[in-house]
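Quick setup: one chain, the form predicted on its own, written in structure tokens, and binding and motion questions come after.
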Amino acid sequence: MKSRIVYIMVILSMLLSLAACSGGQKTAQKKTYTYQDMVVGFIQTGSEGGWRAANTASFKETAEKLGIKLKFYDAQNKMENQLSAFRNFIADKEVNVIILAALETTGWEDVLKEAQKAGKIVVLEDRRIDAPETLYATYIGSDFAEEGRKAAIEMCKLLEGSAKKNVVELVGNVGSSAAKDRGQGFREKMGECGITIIKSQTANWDATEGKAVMEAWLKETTDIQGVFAQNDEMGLGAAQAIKEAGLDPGDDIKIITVDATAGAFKAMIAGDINTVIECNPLLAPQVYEAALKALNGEELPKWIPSQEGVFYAKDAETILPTRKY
């Protein structure tokens, strides 16, 4: 009888223990993030022209639409400002996503490691960097080398039949991936029709600088058949310099630019620019979507390309009303 009582007590004890365990332990559920949970630190390059303004507006407007809290930083085209902002966003406990439009391709590995250690998601937009892919979630933007190749192919078409094919190149920020890759891509294809780059110089994506550089070149020689401007702003400046030198941009000297802003379309309508290679600045929807997926633990491809085209002067008047930037 005594042993039976002991046996019953042991069974009851075990049941109570199991009940306590099942009541005290709840299955841990992983948080599913929404856009409203995202706090984004966005480090912009600066405000060098219409393309960048459209890029910034895309991020601000889309964040408001999706309910994302956006902390925006304009680095004023200074690398040291970008690095400082990056570390500030790492230290900011609210921020769970850092979006970077890098001014330079190098110098990022240390802060990326710091961000990873702090559990921050990092997404690159518009500009590539030279750093291990394991240190950021993804890059979303253009194939800059392909833009350069497209520009060379179009310049070959414009200069077909020309006895000489001397081209000058207006370069963006020399340390940026956009400038490096567009220049490389152009050189990959220019030899197919005998183009020679006789001058190449940075004008830092700026119309005023583009005009000044072109003016200096034209004082040295007018034996120039084409201008490859790595963005619209520099191309617009070059066109103005050509006019002031008594020549006809788009006719005496062909001009190809990259970006496809409204200003470039207006210049095509006026006959000052011949062809424009598109570089889409409206990247925010793609970037925010990728960041949300990364927050929720999804593996992303290391490059998500944007869709882009080529535009010609003959179509500019029809297309211009549809441009958002």
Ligand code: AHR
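Position 1 is the first residue in the sequence shown; the rest follow in order. None of the values given here were measured: they were computed from a predicted structure.
Unshown form predicted together with the named molecule; subsequent notes refer to it.
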Since only the chain is shown here, I'm wondering whether F228 would be in contact with the named molecule in the model of the complex (any heavy atom pair within 4.5 Å).
no
| message | Using a 4.5 angstroms cut-off on non-hydrogen atoms, would F144 count as touching the named molecule in the model of the complex? | response | yes
task = Give a yes/no on whether M190 approaches the named molecule to within 4.5 Å in the model of the complex, heavy atoms considered.
result = no
Does any heavy atom of K150 come within 4.5 Å of a heavy atom of the named molecule in the model of the complex? no
Residue within 4.5 Å of the named molecule in the model of the complex by heavy atom, from F265, W51, F42, Y288, is W51
Given 159 to 167, 237 to 245, 177 to 185, 210 to 218, the stretch touching the named molecule in the model of the complex at heavy atoms within 4.5 Å is 177 to 185
